[in-house]
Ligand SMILES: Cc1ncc(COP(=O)(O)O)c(C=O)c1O
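Only one chain is shown below, in structure tokens, and it's the form predicted alone.
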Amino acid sequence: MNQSACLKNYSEDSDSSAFHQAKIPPTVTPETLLELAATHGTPLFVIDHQELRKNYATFQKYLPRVQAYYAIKANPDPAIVQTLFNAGASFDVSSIAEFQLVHALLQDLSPEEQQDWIWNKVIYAHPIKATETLTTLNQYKPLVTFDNREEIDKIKKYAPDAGLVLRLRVSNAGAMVELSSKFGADPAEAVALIMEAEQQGLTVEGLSFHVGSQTTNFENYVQAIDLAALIFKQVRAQGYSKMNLLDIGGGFPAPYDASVQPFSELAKRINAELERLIPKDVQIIAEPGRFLVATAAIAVSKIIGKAIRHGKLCYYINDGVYHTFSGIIFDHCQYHLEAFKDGPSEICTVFGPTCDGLDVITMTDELPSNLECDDLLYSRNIGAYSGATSTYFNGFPPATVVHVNR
């Protein structure tokens, strides 16, 4: 079955079983992907802004007390930032470059309005900051995280007007990407760190934590909220009443496969703990990144070669781990490839286009065995941390980015 025939079937019967098996978001059908590939060539990276808006609305629906601060690191495409800005999102930034992406959206505001917006809608969530970064940030008086005494001294010297948020070390058990070994204050030191910052004339606005990226162990959130509630109680018992914010971080899992429980189930657990333990006067924020953008992008690539290696069918495509599929290495994520054509299938290996033996996309995907050069494949749910380190290694350029439903 050729691609044009496949395209005809999809366009004539959008409710066909093939459509549902493909599981492509309804607003970006296989027909759409093939048309875009014909227009723009491959490799192609298609971003669906309707899916972005839907994911943001879902987050707000199930966690109504929590304001979403989009973690720009998940995908810093300016058009994504613009869409979420228009939808009402706040922002988690971790570099000056990310901060400038947000600041560029505020050019129609007066300096005073810009400062007020940043104060209320941006958190610089990297606990360790260069002195130059702090100096640049200070004029905007943002919220910044910290997790150690050295950082208190730096903030006091270079960004004394910033509001502080203490990041706690919490369990990352079951997370795809573990962060607790790199960041987070020992909970036993939390009260002392808050008091030390106060003694230096700084204001600690609240607490934050991160349970690890793509966390499917929902107990991590329960334990972290319980810990934060205990520290709030201890600090208030010391007479410190300036903390009125809890940042429950990121880690909200994207639905990569059926093993990931529905977001509504996680939200139910979080809402119960917040209602039980966190006073109503405490503002709750979060830093979703992957959850908002993972399902909002699809990669389309072209087969450039085919071979049998050690008795196994191998395909070579024009995208790989140095480009859109870099998350395989840097995000510990496995993306699955699917074909537009039908046919007898078998377990295949798929390689990227470079000469590097590391450039392996999958060794376990089941694909039709009748695919040929110039046939197309696609990979869905690839919007988060894909192409995070995209390069021109070996002379191969990154995928062309196309935006739909803006």
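Values in this document were obtained by computation on a predicted structure and should not be read as measured data. We number the residues from 1 along the sequence you see.
Here the subject shifts to the form predicted together with the named molecule, a form of this protein not shown in this document.
With the partner omitted here, the residue from Tyr315, Phe252, Phe146, Phe91 that has a non-hydrogen atom within 4.5 angstroms of the named molecule in the predicted complex is Phe252. Residues placing heavy atoms within 4.5 Å of the named molecule in the predicted complex fall in a single listed stretch, namely 283 to 291, out of 283 to 291, 114 to 122, 148 to 156, 319 to 327. Heavy atoms of Leu166 never reach within 4.5 Å of the named molecule in the predicted complex, leaving it off the interface.
Contact annotation: Asn172 falls outside 4.5 Å of the named molecule in the predicted complex, judged by heavy atom distances.
At least one heavy atom of Gln214 is located within 4.5 Å of the named molecule in the predicted complex. In the predicted complex, none of the heavy atoms of Lys129 sits within 4.5 Å of a heavy atom of the named molecule.
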